[in-house]
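Starting off, we have a lone chain in the form predicted on its own, written out as structure tokens.
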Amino acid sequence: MTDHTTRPIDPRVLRSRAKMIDAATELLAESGPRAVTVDAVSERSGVAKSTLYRHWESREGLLVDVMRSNIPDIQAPDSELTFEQALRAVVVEVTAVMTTPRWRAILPALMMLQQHMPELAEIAHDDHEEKKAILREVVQRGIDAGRLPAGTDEELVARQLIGPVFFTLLTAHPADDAAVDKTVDYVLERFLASYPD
């Protein structure tokens, strides 16, 4: 009788893979894409190059998994929240992710890589579509509640709300959380004020 059950993955294999992805992420954040070489990742992680090639056929394959492992999860807001509460929850969660030191450090390099690696651009596009779907549902709550006009475009809403936060992150001192919080409050207040009850 053939056993069709999936064999569990050796935890040591998972640990070595995680070490290499962490090392590649650190190198990417510190010095940009060119720093992520097989030699550098092997040295930083303490994992042999031969092991790296057992996980990935090329450096590019490793970079794809680095991006996948660093894409943040955004949860859909609770269905019990009002439109205003749900909108704030999404903007605050996106901002919280964007302000983590790791994400702030790696984002410029990932954006640069997307220009040269179609696989990364595709991953970023799919992630954008997932997050847009969450915002679309929130916008629909606003339409259903009579707070937003029918046909409101969630992409434009995202640009109005997240664009200023992103700009603040690029221009403010990394330790200046107050600047980011102030921007979040300002854009939400102005956005909601533009659609009076």
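From a predicted model like this one, the values you see are computed outputs, not experimental measurements. Numbering starts at 1 and follows the sequence shown.
If you look for the form predicted in complex with a further copy of the same chain, you will not find it shown, but the lines that follow are about it.
- Using a 4.5 Å heavy atom cutoff, Arg104, Thr171 and Ala179 all lie near a further copy of the same chain in the model of the complex.
- Of the candidates Ser79, Gln75, Thr100, Gln115, Gln115 is the one whose heavy atoms come within 4.5 Å of a further copy of the same chain in the model of the complex; the others do not.
- Contact check for Arg136: no non-hydrogen atom falls within 4.5 Å of a further copy of the same chain in the model of the complex.
- At least one heavy atom of Phe166 is located within 4.5 Å of a further copy of the same chain in the model of the complex.
- The closest non-hydrogen atom of Arg59 lies within 4.5 Å of a further copy of the same chain in the model of the complex.
- At the 4.5 Å threshold, heavy atoms of Ala150 stay clear of a further copy of the same chain in the model of the complex, well away from it.
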